[in-house]
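The chain that follows stands alone, in the form predicted alone, written as structure tokens.
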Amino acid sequence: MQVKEIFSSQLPVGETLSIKRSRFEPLQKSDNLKRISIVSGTHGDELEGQYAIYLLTSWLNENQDAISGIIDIYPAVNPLGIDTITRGFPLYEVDLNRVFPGGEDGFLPGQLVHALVQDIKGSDIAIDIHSSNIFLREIPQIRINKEFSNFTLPLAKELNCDFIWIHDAVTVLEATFSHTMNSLGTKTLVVEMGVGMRLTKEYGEQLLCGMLNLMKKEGIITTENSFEAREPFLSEIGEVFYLNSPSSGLFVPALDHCAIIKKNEKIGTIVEPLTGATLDTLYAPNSGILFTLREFPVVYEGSLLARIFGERDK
């Protein structure tokens, strides 16, 4: 394993902002090796990717002989955000995943993402690992821009995630890491899983299996080990239904996350601790899989409580 600093900048407080990459290569190098880049920590409050990357680097360190391509790992793109437990880039108060591709002469966050793009450019595949925020818990899922789905969907099916959500392009997505890298010819997948500021061990282990499965299928690792990928739900054959809170209060879920539910099944209640009243009872608008569920219990009118994926009831 080789560790390289890809970007650094002196900060006003006498400290240094440093972004580092670890690289794994075959013991016997050759030309035209496939290359995969794995990124996490773009948002400082998203830590699920840190654990998945830890599991991956541990596996690679223990299986050096299996490496037959180039594996670049960027575990903490926003170390200042991670250190301060903030989603955005501190001081500048910007979302790093909204300033791509950046520029060498831009403001500091733009310089950082520009250096990241330049270092990853030329990779065959990139995986961008995210968590949800502190309010919602997500099952392991891959989100794909419809514009690039023809060549990213086959890769997504190998990543051992539960759900693949293909969405239409919107203007803001053009400033994201995934849109930038896909536009440059690197097949890029966005993984979203878990909840903000937390680790979900089973999700990290699930994604590890998926990453190893994908790398084996692409010839980036060579091993006799088998890594099975589950069959994901695919948004193109169904619809996503949203459930928002009709009132303010405390949300008490009645179902487990990732449950298979039926239309009109009880999802939870909105309660008022002061008076002991049940303000509202929430029911599933459709049958399907509960792939998003409110994690933070305090809600206001309009707060997102759940997302359900399923076929429209006839």
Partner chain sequence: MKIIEIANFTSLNRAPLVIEGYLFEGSDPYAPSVAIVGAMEGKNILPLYSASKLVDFLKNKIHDKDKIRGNILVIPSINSYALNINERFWPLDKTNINTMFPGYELGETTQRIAKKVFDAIRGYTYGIILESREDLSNCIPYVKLFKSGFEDIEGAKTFGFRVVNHRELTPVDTVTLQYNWQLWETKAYSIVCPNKNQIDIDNSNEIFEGIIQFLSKNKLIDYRVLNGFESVIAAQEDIEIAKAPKSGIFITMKKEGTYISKGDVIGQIVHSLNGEIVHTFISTCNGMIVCCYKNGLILEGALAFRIIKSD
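Positions refer to the first chain, counted from 1. Remember, predicted model here, so these are calculated numbers, not experimental data.
Just so you know, the form predicted in complex with the partner chain exists too; it's not on screen, but the next bit is about it.
Taking the partner as it appears in the model of the complex, which of 100 to 108, 143 to 151, 203 to 211, 224 to 232 has residues with heavy atoms within 4.5 Å of the partner chain? Of the options given, it is 100 to 108.
Using a 4.5 Å heavy atom cut-off, state whether Asp119 contacts the partner chain in the model of the complex. Because no heavy atom of Asp119 falls inside 4.5 Å of the partner chain in the model of the complex, the answer is no.
Look up in the model of the complex whether Ser22 has a non-hydrogen atom within 4.5 angstroms of the partner chain, and give yes or no. No - in the model of the complex, heavy atoms of Ser22 and the partner chain never come within 4.5 Å of each other.
So, Ser68 and the partner chain: in the model of the complex, are they within 4.5 Å at any heavy atom pair? Ser68 lies outside the contact set for the partner chain.
Is it the case that Gly268, even though its partner is missing from this view, gets within 4.5 Å of the partner chain in the model of the complex, heavy atoms only? Although the partner chain is absent here, Gly268 would stay clear of it in the model of the complex, with no heavy atoms inside 4.5 Å.
Taking the partner chain in the model of the complex as the reference, which of Ile289, Leu250, Leu33, Leu55 has a non-hydrogen atom within 4.5 Å? So the residue touching the partner chain in the model of the complex, by this definition, is Leu250.
Do heavy atoms from each of Gln10, Val13 and Gly302 fall within 4.5 Å of the partner chain in the model of the complex? Heavy-atom distance to the partner chain in the model of the complex: all three under 4.5 Å.
Taking the partner chain as it sits in the model of the complex, which residues of 127 to 156 have a non-hydrogen atom within 4.5 Å of it? Please list them. Read in sequence order, the lone residue that approaches the partner chain (within 4.5 Å, in the model of the complex) is Phe135.
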